[in-house]
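Just the one chain here, the form predicted on its own, laid out as structure tokens.
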Amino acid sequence: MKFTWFNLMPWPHLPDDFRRDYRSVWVDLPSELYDPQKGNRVYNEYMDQLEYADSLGFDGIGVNEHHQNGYGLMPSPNIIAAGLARRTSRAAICVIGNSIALYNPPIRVAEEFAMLDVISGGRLVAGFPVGSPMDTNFCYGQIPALTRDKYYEAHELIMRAWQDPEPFAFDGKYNQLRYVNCWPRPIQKPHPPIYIPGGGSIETWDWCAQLDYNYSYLSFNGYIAGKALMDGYWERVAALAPDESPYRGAFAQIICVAETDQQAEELYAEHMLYFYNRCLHVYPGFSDPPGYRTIKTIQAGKLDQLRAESQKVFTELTWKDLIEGGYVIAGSPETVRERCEHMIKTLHIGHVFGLFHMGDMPDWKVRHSSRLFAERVLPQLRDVWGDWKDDDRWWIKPYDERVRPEESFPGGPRDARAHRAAPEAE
């Protein structure tokens, strides 16, 4: 099993009356609610948590891209990933991912991802999401019916740029470039592992199965509701792919660990309710514009059911709802281990994106939960897929002689912080 410690980087200072007074956390949330001085502390605290996860032994540390919102403060995850690449040396840098249909030209993604792979010594996991309708269609003005077509062309350009050793011309429908000549090129050959974050589009399932990409289902409806969609994905894998390795699939799950089940509720309930009631408060008109979903996905009807359930739960939920519905896996280490194992086997996944920071959770609680998971849960889940333990097709292949943080600062990242904080010591 692979476990990535993932941080959405939500804004933790939304007012108590947020749901009543504001129609959406995304797209048109007034920027006056953002305080840059508080933001300075928030960004650095979140990045410290990601570095802490690397020190605990998580396989990856994950970031993603969103725009004009209080749900996730990473309009450029590549900036965050660049900092992490310099201050860690072991974990995969999982950028899940860049919304490639938004870049003009998409060669920018090829270049920046290549930089991240080289700086990190071959530790990049490259995510290519189509992007949420809030980000792509409302924040960045893309026509919903054209988004997927632009996405496919962007993908073609990026993959050619990474693998073609000579300059070439690209004459696409949306991109015309006389010279494509990617400098630098990635360390990992023929390219970094490709992960496709998805929300249930039928075409995305086929895309991943045919190209041997990892399908990462990112949802806050939890693993119980997610089974129907993952079953649909595995049906397409059985029809289109050469095998059904669990490492073809990944799933994002909120996880909270405490010493006891009761303590988990006492420590984390208020922060989970903050996240579901404020950070997921999205105006319905932003979430599903005409043309965004494909005909096959509409005909399948599974997303309609999930959206209807989500709207109801997100406004009426309780801690009990979150636990019993599988939205949150929380409790003692043994409870979390048991439920995580059930999730892994039920969804047939080889990779979990664990969300240990949610909403307005303070740093000490995040670290407490992460440490308990790393020390008392993660080791017991490593060998769930023993028959596939050597399958590394969807994982990083770092350069053995890569530069590590301690080569720049003798004590590693911690000494690096002290070095910057006390220049007079020089």
Partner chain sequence: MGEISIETRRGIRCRVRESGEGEPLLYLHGLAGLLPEEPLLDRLSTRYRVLAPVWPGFGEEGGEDRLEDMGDFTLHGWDVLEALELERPHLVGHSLGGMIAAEMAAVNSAGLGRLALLAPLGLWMDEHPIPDIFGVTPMKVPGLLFDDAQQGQMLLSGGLDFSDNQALTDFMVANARRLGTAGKILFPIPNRRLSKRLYRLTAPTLLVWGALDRLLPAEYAARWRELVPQAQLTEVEGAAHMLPLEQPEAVAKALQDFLG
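Bear in mind the structure is a predicted one, so any value in this text is a computation, not a measurement. Positions refer to the first chain, counted from 1.
One more form of this protein exists, namely the form predicted in complex with the partner chain; it is left out here, but the text below deals with it.
Heavy atom within 4.5 Å of the partner chain in the predicted bound form - residue from 178, 173, 320, 189: Of the listed residues, the single hit is 173.
Contact assignment for the partner chain in the predicted bound form, among 290, 165, 184, 242, heavy atom within 4.5 Å: Filtering the options by heavy-atom distance leaves 290.
Heavy atom distance at most 4.5 Å to the partner chain in the predicted bound form, all of 138, 144 and 285: Contact check passed for all of 138, 144 and 285.
4.5 Å heavy atom contact, residue 224 to the partner chain in the predicted bound form: No - in the predicted bound form, heavy atoms of residue 224 and the partner chain never come within 4.5 Å of each other.
4.5 angstroms heavy atom contact with the partner chain in the predicted bound form for residue 273: No, residue 273 stays farther than 4.5 Å from the partner chain in the predicted bound form.
Contact test in the predicted bound form: residue 159 vs the partner chain, heavy atoms, 4.5 Å: The answer is no: residue 159 has no heavy atom within 4.5 Å of the partner chain.
The partner chain contact in the predicted bound form: residue 79, any heavy atom under 4.5 Å: The answer is no: residue 79 has no heavy atom within 4.5 Å of the partner chain.
Listed range touching the partner chain, judged in the predicted bound form by heavy atoms within 4.5 Å, from 206 to 214, 97 to 105, 328 to 336, 144 to 152: Partner-contacting stretch among the options: 144 to 152.
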